Every structure is written in C-alpha cells, then in structure tokens.
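First, one chain by itself in structure tokens, the form predicted on its own.
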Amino acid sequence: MAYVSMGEAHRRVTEFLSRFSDSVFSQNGSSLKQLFSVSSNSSSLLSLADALNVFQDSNRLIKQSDTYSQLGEILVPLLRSLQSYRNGNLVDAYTSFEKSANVFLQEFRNWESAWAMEAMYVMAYEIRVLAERADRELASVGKNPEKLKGAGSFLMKVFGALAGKGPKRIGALYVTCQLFKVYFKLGTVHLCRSVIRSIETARIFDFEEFPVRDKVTYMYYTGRLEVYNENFVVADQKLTYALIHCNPRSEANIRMILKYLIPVKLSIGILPTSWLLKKYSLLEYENVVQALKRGDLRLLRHALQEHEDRFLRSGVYLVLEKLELQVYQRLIKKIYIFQKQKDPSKAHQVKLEVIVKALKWLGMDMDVDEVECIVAILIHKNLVKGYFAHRSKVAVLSKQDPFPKLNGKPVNS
C-alpha cells in the first residue's frame, strides 16, 4: 500500500462521497454501480481504501453534511466494507456490505423507475462473492461458514423487490442466476424450485424479454437440475438452448455447458466428435465415446474409474454409468453384423455363448446366465428387438430393425 498524506486521504474520501451522492440524486446507474464493486480491485476503490486507513474521520464527515447524511446508512457500512476488504478482513467486509445493501434495497423499492438496476446487479453479485470469501476465511479458522446462507436470504429479498410488475422485473432473472450459484455451492439445490416456479409460471414474465446473458445462465442451471432429476429430454432442451445462445467467444462458458450436455446427449444416443472434445478440453469423455462405439464394457468402466472424482463432482457419474446398456447393445450389434457377413440367413440368431466369448476377449468374465439376464433387460428396454429361445440359449433378433435407435429419447430406467 502506497503512503497517503492526510490531505490526499481527505480529498479521496470527499471525492467518493460526492460521486456517490451525485450518482443517486441524478439517478446515474452506471456511475453508481462502480462504487459498489468492492471485490473488483479497481484502482480508484483501492486508493480510496488506502485513504480510509489514514483518514479515520469519514463517519463524522458524512453526519455533518446535509447531502451525505441522507445516505449515511448506506455509505458508512459501505466504506467500512471497502476498508475491511483492503485489509484482508473478509468476514467484516461481507457483514458491513450486507448492512449497506439492506438499506440500499429499501431505497430501491421506493424508486418508481429501474434507473438503479445496474447497481442492484453489482450488489447481488458482490453479496455472493464476498460471502463465499468470508466463508472460506471462517472455515480456515475452524468457525461455522454461514455467510453464503445469509447472502441467499438477502438475494431472495432482492428477487421479491424485482418480481412485481413494472420495469424492474427485467432484473429478476439475473438475481435468480445468482441464487442458483448460491444454492448449488451450498448443496441446497431443492431451494431452486420455488424461484423456478415464479419465473416459469408467473404471467408477468415473458422469458424472451430477459437479457440473453441471463437466459443462457438460467438455462444452464435449470438444465443441470434436470440432469440431477434424470429428466434427460428436458435437460437436453435447456442445455442446448444455453449452448446455442452462448457467446461463441466465451470458450470457458461453452465448456461448462458441454460438460453436462455431452453426458445427456450420450444417454439419448448422440455421440460428440473427437474434434469437439479436443477443442473444449473435455478429453475425459473420449474413452466413454470409444467404449460406446466399440461395445467395450471394460473401457467404459476404466474411463469412469479414471475420472471418477471429476464425474462425481459435476454430478454426471450416474448418468454415464447407465450407458452400460448401450455398450452391451453395441457389442451384440457388432456380433450380428459379423454373422451377417458370414451367413446372412443365420445372422439374427445370436448364441449367448458367442456373447460370453466376446466379453471374455474384452477381458470381462461372465457366464451364460448373466448374459441371458442382460439380453433380457435390453429386450425389455427396447434396445434390442427379439425374444429368447431358452432351450437352445439363443437370442432370436427381429429381422426388421433389431437395434432400434434412441432418437433423442433416453433408455427407460
């Protein structure tokens, strides 16, 4: 931190207070939003925080001014938050910011127009980010990290202020996305439901009116929720929407969407290209795709084992595990094609013994009874059309379309 003289410190503090009050009284939202960006590390806010460490009398300065004192309940804790953040005291930075934000929200409710919407966006973002950092600080000293939960409660209040009729409702989706980030981080995704209901059932919201950025984030998170609920058809629609409308230059965001969209597509029988996996550094899916192409169960299990932590963390492990049935289907299809080349008249009669041998060649030891059980499941789930000749231990495949395509529908579980 650079040395700051008392006179310079006084000037910087006064300049901030003047800029803040001018922004509010002239309803200049884009100027105001910069003054709330505590975690942005902007040079002007860092130099203000250095000034606050030298000039300790800012509270008196606010109280003595007719103009500043009207905004005192917002300004005093905001300045404290900036100073605490600069000094590395993240718990106090969050607590002070929340005080300032609560008073600002009361004022925001009273303003008819949506002039301060950008400032409210910054506030919603900051409350989440500061809470996450404060919780890390609390956890590091063995205390209960509970600030993010508090941020979630505050964001629900903001959502309530935006969800009414009028111009402010345009901000509801941005705040919803911040809430999703909080709930996903806390592992309380069930709390997303009530917010989703408000967005998707309320007549006051026309989804297409919202900014593209917010629609993409919303579809990404609701798509992930549908993956958790194993509702793959809806997950596919939502995540595909997010991908199509995502900024093509934002490779990190595209990668995040694909991380969930790829397993969903795999579950409905659509395989990504190796080019796509390389371009977006999603090579953990490479062997999964190869296993599906080859009908190689051992390769699928090896891929799941190798990247188990990553797949579990992102919540797609169970989706990928269920691909085993498609791998079995592919293996039987390969046997069928091979037999067709040798003797077309007997191609549709697949001996279970042959499947056992193919599995053994792939390093999987299974007996005829286990294979019979698997083929029965494949027939039941319409991945294979045919029936069993139990006595001769033969799967008799349908002569017409023995391996139905999934056509965008998941395997019924």
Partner chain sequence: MASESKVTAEDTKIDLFEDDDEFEEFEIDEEWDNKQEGKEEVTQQWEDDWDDDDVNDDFSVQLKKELDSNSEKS
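Being a predicted model, the structure only gives us computed values, none of them experimental. Positions refer to the first chain, counted from 1.
Keep in mind the form predicted together with its partner chain is missing from the figure; the text below concerns it.
- Residue contact check for residue 314: one or more of its heavy atoms lie within 4.5 Å of its partner chain in the predicted bound form.
- For residue 295, a non-hydrogen atom is located within 4.5 Å of its partner chain in the predicted bound form, even though that partner is not displayed.
- Residue contact check for residue 247: one or more of its heavy atoms lie within 4.5 Å of its partner chain in the predicted bound form.
- Put simply, residue 260 is close to its partner chain in the predicted bound form: some heavy atom of it is within 4.5 Å.
- Not one of 13, 54 and 91 comes within 4.5 Å of its partner chain in the predicted bound form, counting any heavy atom.
- Partner contacts here mean any heavy atom within 4.5 Å of its partner chain in the predicted bound form, and among 317-325, 143-151, 82-90, 67-75 they occur only in 143-151.
- Among the residues 243, 303, 103, 163, the one placing a heavy atom within 4.5 Å of its partner chain in the predicted bound form is 243.
- None of 281, 273, 201, 110 but one reaches within 4.5 angstroms of its partner chain in the predicted bound form through a heavy atom, and that residue is 273.
- Taking its partner chain as positioned in the predicted bound form, the residues of 361-376 that bring a heavy atom within 4.5 Å of it are, in sequence order, 361, 362.
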